[in-house]
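Before any questions on how it binds or moves, here is one chain, the form predicted alone, in structure tokens.
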Amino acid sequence: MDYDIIIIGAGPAGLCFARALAETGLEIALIEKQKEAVLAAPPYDGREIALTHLSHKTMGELGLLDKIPDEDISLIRDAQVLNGKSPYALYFDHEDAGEDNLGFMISNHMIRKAAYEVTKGFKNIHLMTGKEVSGVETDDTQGQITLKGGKKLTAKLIIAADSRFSQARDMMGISASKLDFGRTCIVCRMGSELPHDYTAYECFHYDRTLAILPLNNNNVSVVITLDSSEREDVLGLSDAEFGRDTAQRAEERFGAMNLIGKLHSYPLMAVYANSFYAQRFALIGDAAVGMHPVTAHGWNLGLKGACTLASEIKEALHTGGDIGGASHLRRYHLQHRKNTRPLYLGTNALVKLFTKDNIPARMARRALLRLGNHIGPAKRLIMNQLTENNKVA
């Protein structure tokens, strides 16, 4: 046996999973097709990640926050959900959450860099970069991967953390439900003329969804989702045209808005694996659940899943069990399904509702916003999901 665990994919989920197990003494291999220089200094990709309080706490326990300067961590104090041209909005106040803020904002590339830095120093974690996996198979006693070029490695457990388009998942015959929204997400960082007061806005304008999330120095993260047929038109705008269009769609709440850097675009596809485990094999991160970004739970669920599986493995070690045994993998599967399935289905239903422009959909949207504001239990449930904070009474 070459290793105890082999992780395919050294993105933030794979790295954090390895870090969570680093002090167990298990021999862990991380297989990554990118070069190590990219892991050490990931380029900015336009994505700013909204963290719940639980994710913030977990990242602190894993040591990631020590690697991220305080000025690169922004707060979300309050939030508003807006429906088209309606003056009515759904409000979320940080005071109702019993915290100083609803959540935190950190750039994706900063999370990736920090995850690499907290993991690289452990002698029992073996990072193999520039390597591609061409085969995965398992039996009763071990799992085996084949690298491009023919080299084979074995372990008691194989973990796939290789994106929502996971090839390892496919190689192991695990099917996944995939929902192509036919839409594109365009993200960027912008400066705003007027103060944002650390309030996040989600504006549903039928043809497009515009999210504006607060960053430090009165900058904002802008997330636009639109029909993929419009992608090139938006990407072809000049910086000045894009700034004017965004400011107008935000109804001038932020005054003049200027683009910082460039636009980044990503196709929108949600993925949900029909099982999170197989024989001596498990899925974490986007390989297990790839979310639509509208509820900002992708990384939060990925981190939670990685830590849930790590806890099961620690329990197996504590009790003298098999770290790749079916009982522990099944418990992880059931718990992660419980944590993710309602959010996944609810998010997809929300996206469909807020992108339809017929009269029943408009009426349903208006009713949903009013119910959210006036029915206490419903609003508390939404608030708990936003913050993963149990203080909301």
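Note that this is a predicted model, so its numbers are computed, not measured. Note that residue numbering follows the sequence shown and begins at 1.
Form predicted in complex with a small molecule: not shown, discussed below.
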Q: Establish, in the predicted complex, whether 10, 108 and 167 all lie within 4.5 Å of the small molecule, using non-hydrogen atoms for the distance.
A: yes
(Q) Give me the residue from 183, 156, 189, 112 that has a heavy atom within 4.5 Å of the small molecule in the predicted complex. (A) 112
Q: Consider the chain as shown here, without its partner, and state which of 31, 28, 64, 329 has a heavy atom within 4.5 Å of the small molecule in the predicted complex.
A: 31
Q.
Considering non-hydrogen atoms and a 4.5 Å limit, does the small molecule approach residue 133 in the predicted complex?
A. yes
(Q) If we define contact as a non-hydrogen atom of the residue within 4.5 angstroms of the partner, is residue 337 a contact of the small molecule in the predicted complex? (A) no
Q) Taking 4.5 angstroms as the cut-off for heavy atoms, does residue 142 touch the small molecule in the predicted complex? A) no
Q) Does the small molecule get within 4.5 angstroms of any non-hydrogen atom of residue 119 in the predicted complex? A) no
Q: Look at the stretches 231-239, 283-291, 175-183, 194-202 and give the one with heavy atoms within 4.5 Å of the small molecule in the predicted complex.
A: 283-291
